[in-house]
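Starting off, we have a lone chain in the form predicted on its own, written out as structure tokens.
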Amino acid sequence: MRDPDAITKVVIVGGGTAGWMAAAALSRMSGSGLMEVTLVESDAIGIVGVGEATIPPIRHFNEIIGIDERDFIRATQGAFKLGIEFRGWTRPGHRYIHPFGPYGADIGAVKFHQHWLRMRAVGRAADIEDYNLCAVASRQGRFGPVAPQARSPLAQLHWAYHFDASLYAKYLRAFSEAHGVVRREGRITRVHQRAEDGFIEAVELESGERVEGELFIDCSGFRGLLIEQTLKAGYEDWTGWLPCDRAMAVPCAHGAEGLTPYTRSTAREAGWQWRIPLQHRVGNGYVYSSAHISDDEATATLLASLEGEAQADPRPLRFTTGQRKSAWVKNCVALGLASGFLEPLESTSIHMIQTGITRLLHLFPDRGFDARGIAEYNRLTARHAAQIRDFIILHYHANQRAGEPLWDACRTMAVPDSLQRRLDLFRLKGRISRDEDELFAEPSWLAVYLGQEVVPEGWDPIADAAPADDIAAALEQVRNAVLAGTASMPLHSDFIARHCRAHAA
């Protein structure tokens, strides 16, 4: 028997990646007749659509809703991603990779990196990246299944995707509409609220059509049409820690480097530049602080560093890093840019949409909209955003780019207490502190700590219990297993050409 208070009408305001991801996730319920899901968007309103790089949890989202990976890659001009290369973040000329997946494996009850720290101190360890399959494969431009003879517990590949965000939204739209989601074209001119409690009851289009609902999902982008303009959720500003407030984005043709299986972030004097290779083009952008460089100078810097001919005019974006004080107010849940913005340094934008959808499904309301469920959603959302915020701040704070005003300010600033605690623990004996359910696991923190030369004073004393020769041999065994696994993989470009090349590429 169905709950008489169950929600039967959901309205999603805005399309793009956030709107159509929400629609796809809810499409099972619409397809089964449990509820009507309506998405309202206007072709006259552009979408930001620059979030082309992802992290591995996107695979889980696609699997849950039933998307075939290779079909998805073909449809979105996509490619595979094994990590992020950071150039110049520690200091000019320096580079490191934040790879997906683990570094080696724990030995006994001791973390692998603790043994590595001990061996490194006596010159008996290779670079930390040599013990990570994704890091080595990235350097060699490889992606694909590891050959059976090279497989080991150390040869597990972890990957995410690069794709055209506008094509991803188009792909999800076709998927959602095939499963019962209804799209309404039109610009919203008015939001109707109930007089007695301020809950949203309908949105009105330019045509005069009213689209009524019981639950509203705001995917209207930075403007936050429902969550902010209507419900006044408020905004928590984080620019004191993350001062970049603008971006310039432009696609270009491929150059000699080709289809690398990783995202690149290159530090610039006033921010950083991304490179995201797709099958049909390369996505580029300069994220910068307007207090340290003009828009014209940022544009010139970006265009001068492109590897191929620009395929469009540079597109400017303005933002304030932070989050809504409440992502769920009354009967409205904000997703994507409507809920806040953390710059795409670690490719978390699409992931934050995904986790917002997951939390909503776990705490899905009835028409009573119990305050306890809403409070829990907001608590989890705020905690998740703060954890990612701290990880991004670490990149800016742990720099050695002396003499550049932006980087000097970031290096000397007071960071959040939650991040300072983590830094203090790692600097002491290489211990990594994190919440069990947070997004970035120990290998991610380790990659950035060591990549940006946050060097511990020592290591866990328990690591000294094992004979040094045994540990050195174990590290070499790991390194050889990683090399063998990588050598057995095809080139990334060959794998795509063979299995999932886009028809128009």
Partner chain sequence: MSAPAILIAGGGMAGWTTALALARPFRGTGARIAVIDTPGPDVSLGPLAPAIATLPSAQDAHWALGLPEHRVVRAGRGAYRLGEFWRGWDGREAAAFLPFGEVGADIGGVRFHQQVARLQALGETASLADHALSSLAAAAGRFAIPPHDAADIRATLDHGLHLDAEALTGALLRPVALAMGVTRIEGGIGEVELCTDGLIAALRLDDGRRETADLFIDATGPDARLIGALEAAWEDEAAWEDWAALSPFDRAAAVIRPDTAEPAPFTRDAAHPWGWRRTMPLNGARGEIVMFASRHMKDERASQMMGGAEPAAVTSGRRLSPWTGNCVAVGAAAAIPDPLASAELALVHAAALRLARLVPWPGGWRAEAEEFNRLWRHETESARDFALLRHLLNRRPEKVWAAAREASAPEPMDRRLALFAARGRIIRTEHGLYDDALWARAFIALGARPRHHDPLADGLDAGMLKARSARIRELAARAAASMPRHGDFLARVNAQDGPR
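Numbering follows the first chain given and starts at 1. Values in this document were obtained by computation on a predicted structure and should not be read as measured data.
There is also a form predicted together with the partner chain; it is not shown, and the following applies to it.
Enquirer: Select from the listed residues R383, R246, K325, K170 the one whose heavy atoms reach within 4.5 Å of the partner chain in the predicted complex.
Expert: Looking at R383, R246, K325, K170 one by one, just R383 meets the 4.5 Å heavy-atom criterion.
Enquirer: Note which of R139, H158, K429, R411 lies within 4.5 Å of the partner chain in the predicted complex, where distance is taken over heavy atoms; exactly one does.
Expert: Spelling it out, the residue with a heavy atom inside the cut-off is K429.
Enquirer: Which of 355 to 363, 255 to 263, 314 to 322, 91 to 99 has heavy atoms within 4.5 Å of the partner chain in the predicted complex?
Expert: The contacting stretch here is 355 to 363.
Enquirer: Hey, in the predicted complex, is R120 touching the partner chain, heavy atoms inside 4.5 Å?
Expert: Contact with the partner chain, no.
Enquirer: Could you tell me if D460 has a non-hydrogen atom within 4.5 Å of the partner chain in the predicted complex?
Expert: Yes, contact at 4.5 Å.
Enquirer: My question is simply whether D464 lines the interface with the partner chain in the predicted complex - judged by any non-hydrogen atom within 4.5 Å.
Expert: D464: yes, in contact with the partner chain in the predicted complex.
Enquirer: Report whether the minimum heavy atom distance between A178 and the partner chain in the predicted complex is within 4.5 Å.
Expert: It does not: once the partner chain is placed as it appears in the predicted complex, A178 has no heavy atom within 4.5 Å of it.
Enquirer: For the stretch 413 to 445, I need every residue with any heavy atom inside 4.5 Å of the partner chain in the predicted complex, listed N to C.
Expert: The stretch touches the partner through R421, D424, L425, L428, K429, R431, S433, R434, D435, E436, D437.
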